[in-house]
Structure formats: structure tokens, C-alpha cells
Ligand code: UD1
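This document opens with one chain alone, in C-alpha cells, the form predicted alone.
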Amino acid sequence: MTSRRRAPSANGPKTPARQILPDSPPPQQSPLTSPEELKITVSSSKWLKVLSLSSLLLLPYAYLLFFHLKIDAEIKRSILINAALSFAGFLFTLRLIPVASRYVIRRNLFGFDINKKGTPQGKIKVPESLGIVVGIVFLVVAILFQHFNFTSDSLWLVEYNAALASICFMILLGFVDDVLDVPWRVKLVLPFIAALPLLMAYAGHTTVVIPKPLIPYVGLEVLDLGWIYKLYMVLLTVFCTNSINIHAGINGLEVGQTVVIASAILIHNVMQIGAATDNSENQQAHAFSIYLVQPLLATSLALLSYNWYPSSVFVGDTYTYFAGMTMAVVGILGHYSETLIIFFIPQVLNFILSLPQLAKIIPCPRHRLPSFDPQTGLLTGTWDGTLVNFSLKFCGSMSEQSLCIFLLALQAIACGFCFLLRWLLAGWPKHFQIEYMKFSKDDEVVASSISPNT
């Protein structure tokens, strides 16, 4: 979901051509309808904001990786190779987005920014569905990385390729949604289809670690859920893909929340790797997660450079589905899906607020956006059930850029709360390690002394 009004489909009914008298001058073509003249650049102010955000989020990760934690040399080497490929993907995405924008404009895949209606910016055709560029570059980077890290007999290769297959499925289905504009009941089914490769290839454990305060009441340190865990995996993919899609509507929000969550995931993974005492399965699982999240973060930062206010491109459902599925996949295969849900607290709140309208209990408009005053340039909250409108009702009217910054700060606070909650429930992973029983891939029960996967 983006704050735009779609243009008529290029394949829709065509109106008869207007007859032009011989002595009439040829009609002037608007520069906005000429793809060749479309100029999409990143302003210096956008660069400053994106670099500031990325530095703020990545500095803790870099400090933990290079200075604070002792990371296995082989794993650190793989992480650095992946980071180099991700940076190349960042640069390639920056160059490719303006090129792709001209093609989607030519095919009438554009929209108008509703939150700028009544202003000159509200009349500009904004290229749509540019998430397809990010998804393609991500897949290329992730596939190339296999050459440097996996061998033909690697235990993680099957799950790695299954993860890429699920992500690729979701990119395709998201682009189909952008083009065909499928109804909500169909959108809920799409993640089920995309999750099939992951479910068929998953060979990991189906257990969850009980938080320390609840162990006396449950009587177990580890609970095996069996087939219920597989069902939970499917529901998690459905939630992650759709929750990013409905927590949207203002420039930079969809990509910004992905960048914040992805940064928190990287910090969590490197902390868990540093807490492990040996080259265990737990350590490899979190390294596996980093290998997919770094390309996601790099390509998303490139897209954010164009999508930040005022947006030059729209990301489309292609990006929101792709980002949600990628984070769901790494949460499942990295064995920290419970932590991932806490990172998604703002998305959970937004879903709860949206539920009455999504369930058709109360009327649900097509665009549940705040109202825009072209005189003041401020957004005012409406009674539609979204976190965007609730924030405006609670904090008062504000500009679109200020609202986006506020919501991203809220996302960062939620991620910080997750780390605090983990410290309270399981102990800080660097200093408090507990004995627990872990099920390996071949279902043998082994004892280990590493931090729990919660």
C-alpha cells in the first residue's frame, strides 16, 4: 500500500482517437508523459538523511562485529564478503532505479501522491512498483554469494536455495498484485503459495525455548510443538508480508521500517554469534540470517534514497511483500521467530487497529490515509484504523516527513524494547549463558551451553 492513486491500466478500454483538423497545430505533449524526459535523481538533502539514518543504525552492528565480540574468523570472512557484494548491490540499485522508472512510466505503471493532492507535486506522475528492481538485485547478490560460502555438500545449501525460492515467488506475486490489483482475500493467500518451498525444505527443529520466568509454571525448558510449529511458520510469513504492506501510506515509511528492523536483526544475529562457545548450529543459523539481511538492507537503502520525502518513486506491493517474506524467512531459518515478532510490535499494533475495517465490521475505504491540507502542508488524522492516523490523532497534525520520522523512531524504540525484554527474560547473551536442550537437524538431542533461540 502506498500513498498514491493508480493511473488507468495500459490494457484497459481505449477511447477513440480525437480527430485533428488539418489546419490545427499538433497537440503539445506534456513533459510528464514523456518517459525519455523523466529525470530521477537523489538530492543532496536526501543523501544526508539516508546516510545519517544508515550510520545511526549500522554503527552498533559494526562495533559489535569488529571490536566488542569475538567472532569466528571463517564466519567473519563470509560476513565481510557478503557485505562487499551487498555494497555492490547498493550501487547497482542506485543506477538501475532511474532506468527502470522510465520503463514503468512507458507502461502506465505510475500513480499520483494523494498526500500532496492540491499542490503541484500532487500532479506529478510517480513511477510505481520499483520494488521489482530491489528484489532482482537482491536475488543476484544472494545467488552470487553462494560461490564464496557454500559447497555442493553444504548442509545449509538446500535451505538457502529454498529461502531464495520463497522470496522469488513473493517478488513475482507482489508484482502481479501491482499490475492486476488483486483483492484482499487473494492477497492473504499469496504468502501461503510463496512459503511452500521453505516448508518442503525445512529440516530444522520444531521447538521453542521457554523464558526463564515461565519455566517453573511450564515445567520444561524447551517445548516441542511438532506440526504446530510448521503452521506457525506459515502464519508468520502471512503476517510479515501483509503487515509491512498495510503499515504504509506516506513517503519512506515502507522502506524505512524495513531498514530499521533489518538493522535490529543484524545486531541480534551478531550478538548471538558472539555468545556461542563453538562453531555450533546456532552460530551457523544466525550467520545464515546475516547473509540474507545484509543484501536486503543495502538494496533497501538505495531505494530509500529515491523514496524518501518527497518521493521520486513508489515501491509498490512488490517491495512490501518481498521485504516481509525475507524477514520472515530469516526469522524462521535463524530460529528467532519469537524475537522477530517483538521487532514487529508497531506492525502488530497497526494490524489490531486495522482489524475492524479489514474484517468489514466497519466500512473500509480503498486508501486509509490521513487528510492533507494543501494550505498548511500538514496531515491530519482520520478515524480510519491505522497507526499513521492514530499517531496524528495523538500527537496532532504534522508534515509528512515529520510523521515518517516519528513512526521510524517508534519502530526503533520497539526494537530497543525487544533487546531489553530479551535481557530480562533470558539474560544478556554475552554474560548469561544457560544450559538447554536443542534438537539438531537429524532429531538427535544434544546438550549445549549457548544462549537460547528466543
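In case it trips you up, residue 1 is the first one in the sequence shown, and so on. Just so we're clear, the structure is a prediction, and the values are computed from it rather than from any experiment.
The next section is about a form of this same protein that is not shown, the form predicted in complex with the ligand.
Q: How about residue 249: is it within 4.5 Å of the ligand in the predicted bound form, going by heavy atoms?
A: Residue-level check for residue 249: yes, a contact with the ligand.
Q: Taking the ligand as it sits in the predicted bound form, is residue 381 in contact with it (heavy atom to heavy atom, 4.5 Å or less)?
A: Answer no; every heavy atom of residue 381 is more than 4.5 Å from the ligand in the predicted bound form.
Q: Does any heavy atom of residue 283 come within 4.5 Å of a heavy atom of the ligand in the predicted bound form?
A: Contact with the ligand, no.
Q: According to a 4.5 angstroms non-hydrogen atom cut-off, is residue 319 in contact with the ligand in the predicted bound form?
A: Judged by the heavy-atom cut-off of 4.5 Å, residue 319 is well away from the ligand in the predicted bound form.
Q: Just one stretch in 163-171, 104-112, 86-94, 372-380 has heavy atoms within 4.5 Å of the ligand in the predicted bound form, so which one is it?
A: Every other range fails; the passing one is 104-112.
Q: Consider the chain as shown here, without its partner, and state which of 184, 232, 148, 192 has a heavy atom within 4.5 Å of the ligand in the predicted bound form.
A: None of the others qualify; the residue that does is 184.
Q: Out of 263, 78, 207, 245, which one falls within 4.5 Å of the ligand in the predicted bound form, going by heavy atoms?
A: Answer to the contact question: 245.
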